[in-house]
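Heads up, the chain below is alone and in the form predicted alone; it's given as structure tokens.
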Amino acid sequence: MRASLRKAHVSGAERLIDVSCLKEVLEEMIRRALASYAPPDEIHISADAVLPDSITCIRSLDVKTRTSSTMDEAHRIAKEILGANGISSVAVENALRLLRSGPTPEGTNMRGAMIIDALTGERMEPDIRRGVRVSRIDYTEEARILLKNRLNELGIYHERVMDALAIASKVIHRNETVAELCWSDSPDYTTGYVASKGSGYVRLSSIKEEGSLRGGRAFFVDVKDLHLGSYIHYLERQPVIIDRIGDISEPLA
């Protein structure tokens, strides 16, 4: 599902489901679109068939939460985590600058993510206005219920956490991905995250100013063995199901 207002993206979601659940999930998609921070004037919903034997099953990343009171503090923590995972300061600063200002040449948000060389900071996605959109990812019903219940127990449940964790888990599962940095373009949601194999999925509060419409994703990649076409095909077309939930820790101050 993709919802927009005057051609600007306001909401998106995706599920990978059995056809018997299609009606129920379509209704949920429309509900989510209409509950966006801005009432959309366009809602697009598409459905594609996926062969069951083409699906890869993975475990979700471990979830941690770091609480910060200011954007500067959140960015400091993000830099610390990314640096510890081998991302150069040049690459980190470039990603932060683009996410703050808007990653397109016009300074607007993209539907997809940036792909950034983890050492040089160079952008690598073929279309710098569209980016690369991660698709075909979901949880088994058992894993979804387990994750939701655990997030609720810790007081950190949000639909955005469920969606973002699924995307990050798929992205980080690919060997070429070193880390990810993300925050939402929704003006009323100011928690973002850094994800990597070593650190897991680390939620960071106050990563952007409340009311800001700027947001997006940056995937930091190791270019040594990178075949860009194969990497993008995995992100956009490879079906992935999360059937096991990683550890979820209590929030830390």
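Don't overthink the numbering: it's just position in the shown sequence, from 1. Computed from a predicted structure; not experimentally measured.
Another form, the form predicted in complex with adenosine monophosphate, is not on view; read the next lines as being about it.
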Counting any heavy atom within 4.5 Å as contact, can you tell me which stretch out of 89-97, 67-75, 147-155, 110-118 lines adenosine monophosphate in the predicted bound form?
110-118
Looking in the predicted bound form, any heavy atom of residue 196 within 4.5 Å of adenosine monophosphate?
no
Taking heavy atoms and a 4.5 Å cut-off, does residue 184 contact adenosine monophosphate in the predicted bound form?
yes
How about residue 15: is it within 4.5 Å of adenosine monophosphate in the predicted bound form, going by heavy atoms?
no
Report yes if any heavy atom of residue 79 sits within 4.5 Å of a heavy atom of adenosine monophosphate in the predicted bound form; otherwise report no.
no
Select from 132-153 the residues with a non-hydrogen atom within 4.5 Å of adenosine monophosphate in the predicted bound form and write them out in sequence order.
132, 133, 134
